[in-house]
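Encoded as structure tokens, the following chain is the form predicted alone, with no partner shown.
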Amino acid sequence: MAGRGEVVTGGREAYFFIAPLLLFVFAFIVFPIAGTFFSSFFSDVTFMGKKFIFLSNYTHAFSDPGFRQAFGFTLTFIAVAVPLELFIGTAFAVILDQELPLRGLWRACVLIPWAIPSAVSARIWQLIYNYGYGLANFIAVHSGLADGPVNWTGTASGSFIALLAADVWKTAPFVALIVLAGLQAVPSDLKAQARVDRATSFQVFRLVTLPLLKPVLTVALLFRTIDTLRIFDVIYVLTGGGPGGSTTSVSLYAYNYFAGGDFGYGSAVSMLLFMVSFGLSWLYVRLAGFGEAA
């Protein structure tokens, strides 16, 4: 009985210690999500009466050409940007894992783009792409690649590439940081044994290192997919969703409705984005086998 009482007391102490964390989760995660979900069932437009319409906002979203365009752009951007970030980030991690002169300095330099706030990073790229005095046009004109200044963000394809370059430049170092941590955990004796068996460096990486990096790569893939799915700031600053809405992400699309005073429809779009994020997170965790019994 005494042992049982100790267990109960210990359990209460555990709840006491995690109470601040639970309070934070409920206050800043659960409550806002629940509020947004509740608001999505209403027609809630500024200066108009609030009216319960149940699933009408969701059915409207599925038939809304603007939402479908924003969702299609977001998925396309994920399909192109995330693999590029994983490839470039992994390549940088492998290089930085070698015995290089001033290796610590190079590691710090690689992380600079990721350390810059997203809005500031987008503003830097906006200046680079500036039609009149941007660095991109300076290089293009003076190297003979273009006869005159190029309106880099004036077309749908140009804006997509401009956003892609800005996003990959900023977030590939984040992938490199995660993968580099995974490379540090790979046992060196496995690599040494593979080299004794006359395996080439590429074979060592493909057959020994890469399989051991699967959990790390999955985490990087999960973080970057979810982060790219809700991409907002770089688009808001660099293209504003243009031209013609061709680079409007789902987050920016929802924001436009919130800014316009349509809180019900904006909440519905936000909840759809949340559901997709949650579904992708669950899928990645399942495919990676996290939480399976050993």
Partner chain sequence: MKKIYLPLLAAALAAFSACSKKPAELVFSVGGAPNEIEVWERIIKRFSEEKGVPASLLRQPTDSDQRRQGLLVPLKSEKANPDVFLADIAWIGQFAASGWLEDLAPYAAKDGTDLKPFWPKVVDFADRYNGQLSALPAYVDAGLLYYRTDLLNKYGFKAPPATWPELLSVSLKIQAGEKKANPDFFGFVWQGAQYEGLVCDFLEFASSGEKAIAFSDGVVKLDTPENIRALTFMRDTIAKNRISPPNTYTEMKEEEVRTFFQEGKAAFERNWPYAWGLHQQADSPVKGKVGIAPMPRFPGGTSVSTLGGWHIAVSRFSDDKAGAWELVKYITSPAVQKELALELGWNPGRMDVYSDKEVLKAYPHFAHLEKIFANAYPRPNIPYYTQVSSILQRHLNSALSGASEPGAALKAAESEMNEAAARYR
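Residue numbers count along the first chain shown, from 1. On a predicted model such as this, the values are computed, not experimentally measured, just so you know.
Below: the form predicted in complex with its partner chain, not depicted.
Taken together, Phe73, Pro83 and Leu229 are entirely out of contact with its partner chain in the predicted complex: none brings a heavy atom within 4.5 Å.
Between its partner chain and the residues Phe38, Phe258, Phe62, Phe54, the one pair within 4.5 Å by heavy atoms in the predicted complex involves Phe258. Think of it this way: in the predicted complex, its partner chain has a heavy atom of just one of Gln184, Thr200, Gln193, Asn151 within 4.5 Å, and the residue is Asn151. Heavy atoms of Pro20 reach within 4.5 Å of its partner chain in the predicted complex, making it an interface residue. Contact annotation: Met48 falls within 4.5 Å of its partner chain in the predicted complex, judged by heavy atom distances. Under a 4.5 angstroms non-hydrogen atom cutoff, its partner chain in the predicted complex lacks Ser118 among its neighbouring residues. Mapping the unseen interface onto this chain, Asp233 falls outside it, with no heavy atom inside 4.5 Å of its partner chain in the predicted complex.
Counting a residue when any of its non-hydrogen atoms is within 4.5 Å of its partner chain in the predicted complex, the hits in 218-245 run Tyr236, Gly240, Gly241, Gly242, Pro243, Gly244, Gly245.
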